[in-house]
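Presented below, as structure tokens, is a lone chain in the form predicted alone.
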């Protein structure tokens, strides 16, 4: 049963991202949006990328990262808001971390 995780808070300001990572399962997806884009620069992102080895789909809403002048790293898929609808239908559950 796959879960789509929307991360809207920065790990620099709350522990929502750390909690999200603690419940990630194989075939889950993450979407970084709003201030969650700052997690691209957090050390938790480095450990996530090393840990999941492709088993978790990591996405960021490109326009949200761009608005915050955050460069999108190669291990993360840049997506648009319209892609969020498709991701929602492709997962059994959705959790918003905010």
Partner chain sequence: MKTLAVVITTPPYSHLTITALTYVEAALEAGINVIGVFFYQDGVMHANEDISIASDEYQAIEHWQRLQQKYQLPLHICITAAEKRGIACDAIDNETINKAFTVSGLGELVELTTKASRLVQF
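Residue numbers count along the first chain shown, from 1. Being a predicted model, the structure only gives us computed values, none of them experimental.
Absent from the display: the form predicted in complex with its partner chain. The rest refers to it.
**Asked** So, in the model of the complex, is residue 60 in contact with its partner chain at a 4.5 angstroms heavy atom limit?
**Response** So residue 60 does not count as contacting its partner chain.
**Message:** Even though the partner isn't displayed, in the model of the complex is residue 84 close enough to its partner chain, meaning a heavy atom within 4.5 Å?
**Reply:** So residue 84 counts as contacting its partner chain.
**Request:** Quick one: name the residues from 3 to 27 with any non-hydrogen atom within 4.5 angstroms of its partner chain in the model of the complex.
**Result:** Going through 3 to 27 in order - heavy atoms within 4.5 Å of its partner chain in the model of the complex - the hits are 6, 8.
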